[in-house]
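Taken one at a time, structure 1 and structure 2 that follow are two forms of one protein chain, written as structure tokens.
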Structure 1
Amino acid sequence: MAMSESAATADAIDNPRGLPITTGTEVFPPDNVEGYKAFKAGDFSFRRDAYFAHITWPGGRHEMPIDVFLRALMRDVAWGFFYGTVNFDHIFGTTNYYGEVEMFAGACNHAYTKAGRDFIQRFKSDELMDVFSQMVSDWTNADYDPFAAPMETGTPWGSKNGDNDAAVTRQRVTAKRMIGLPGDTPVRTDESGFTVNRHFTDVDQSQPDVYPEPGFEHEVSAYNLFGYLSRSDVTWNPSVCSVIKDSLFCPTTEEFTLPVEHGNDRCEWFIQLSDEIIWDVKDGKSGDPRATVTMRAGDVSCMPADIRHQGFSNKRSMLLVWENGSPKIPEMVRNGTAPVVAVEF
């Protein structure tokens, strides 16, 4: 789920709907009732009140509980629109074309498309990202962290009450080779502010025994990945921990629900490292249910490239998300050669 830098720089940009680029964004001053700013991107307008995000477009409107909206918006911002489609819910979302992005209402909803009520506009990614970043900053109050599990944060309700920019501007971890190597991303410790999560107090924190010969200290290296994950302060936010070319190990810790329904544009592998996640899998375009995948420790499964999925994890669990961040994949998606199923047998 964490994108490599190269994945966002495809040579050509796919535009299967042939949509023109929409320009024009606007930030409105705080309203006199709840004190939040309103936003406009193209013909989409966004405002929030005490409980809801209100999204309108020509001929349509949609309401989402503000906690659901903020958790989804946070991931869309943090993941740079991610691979494929980020469904905030069954109506609203974005589809990434790696340099440009479509924002839609109803485009992945069978009833909307059948009735011709779906609405889509296309933006330069950096322009829409600027609006989304300002939105998550303004709409997140001081007590609320949209990256955190609901039990570990305050509530997002009510009138404007400060901000939490330290939380909403967290930078995802992207190891260049492996966590803990000299010059690479460091391991997490109490001293660096990463304490063990309340659900992982029983996770062994011992480090591997490493015995380098003189001169090989920089390459004879290992670290405690499970201990590292037990100290994650965010949920559903994979970070790159080891890299072979475009093969990215992106482990993460999960609690409550994946805040979006992720619509894949490529195959995505999950390896359950601890505990249990249950995945609802739906058709990527229509949203019709296709499967329920229960994953327990040691289970391996691949999400096909034509589905959307959402995970549910009661106890905080450790999940290894394994991505192929190759910049050639957008072209393969465009010309239809990207595999829909990872392995055929």
Structure 2
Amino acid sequence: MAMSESAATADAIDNPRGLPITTGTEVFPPDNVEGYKAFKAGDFSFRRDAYFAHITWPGGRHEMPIDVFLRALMRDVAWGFFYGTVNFDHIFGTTNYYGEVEMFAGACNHAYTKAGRDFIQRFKSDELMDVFSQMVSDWTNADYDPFAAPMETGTPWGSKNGDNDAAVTRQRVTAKRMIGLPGDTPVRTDESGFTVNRHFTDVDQSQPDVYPEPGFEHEVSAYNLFGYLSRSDVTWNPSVCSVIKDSLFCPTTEEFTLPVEHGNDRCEWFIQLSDEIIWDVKDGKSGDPRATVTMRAGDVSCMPADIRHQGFSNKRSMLLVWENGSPKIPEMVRNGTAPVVAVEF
């Protein structure tokens, strides 16, 4: 993600828990039962069988259905650990410090923290990313795409059966200025391999006419955002489509369930462009319920900086995510110099 590198170098890396860097990763040969490799990062170990991902750490263990785990792992890899916390579920996840990352079990679960059973280790981002990238590659079979909606892909179950590296190594779109500008990310077309999704066959595909004054051909541009999004081949993967300093417009298409509970480290604006998403909003630290928000086309909401959220979309919908990519915000939120809400009424 474009913001991660700038955040990692702009200031000293934030480490509010004062954790040391954990080193040491290991990849084990395929087992002789299902044929999958096992992985180790610090004191966390990972293995999969036909149906489940198994995670262990000193004094604890956790199982997740392999489809749930792979969809979450795919986003953590593709997003570069994203902004804040990526909760794979109510137990396991990662928190991004933009150059370093914490991997945890139970740290965002009130019952675990109250009982003192939570476990956290801190890694260099590139070292943990290498393990996660190898894991999603090995554990994804030939007919399964953890980026796609369930009805657009095969199943992840069973023994090792090839791979789908073409899917799991997709590069997230990160425009430098705006989609379609000369030298920037191109507009999607049939010729470039992006077909219109089955849910968006009614979306107008015409492009605007732009007549820049001579000398401004590289500065003035426009494109059909709805047409661009109608050709997205992934779900729940915000792409940076326009950039003005720290202001990032990150539209995306959503179908089925957001594969993670995203824990914000800054306020995050949502503009519902089409159809409907229901958001399950929880306290960021404890996981206690906070709200249920139903957004329909034209609705605008702001997710506070102290919550986590997960969306549900029965029909593929279009969502504009508006991010402030400043690397200074997370620490300011933690020390109280930036508010956890964007506006007060």
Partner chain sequence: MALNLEEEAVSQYTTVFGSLNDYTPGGVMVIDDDPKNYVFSNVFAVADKSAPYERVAVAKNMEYIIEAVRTEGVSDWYATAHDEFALCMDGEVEIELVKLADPDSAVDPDSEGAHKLSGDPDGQKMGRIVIRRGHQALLPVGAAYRFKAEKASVMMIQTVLGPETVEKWAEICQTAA
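In this text, rigid core is short for the largest set of C-alphas that superpose within 1.5 Å between two forms. Here, a residue number simply tells you its place in the sequence of structure 1, counted from 1. Here the structure is a predicted model, which is why all the values come from computation and not from measurement.
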property	result
Which of the two shown structures is the form predicted on its own	2
Rigid-core frame, C-alpha of Ala115, shift of 2 angstroms or more between structures 1 and 2	no
Core superposition between structures 1 and 2, C-alpha change of Met151 at least 2 Å	no
Rigid core superposition, Thr23 Cα moves 2 angstroms or more between structures 1 and 2	no
Core superposition result - C-alpha of Asp209, shift between structures 1 and 2, Å	2.5
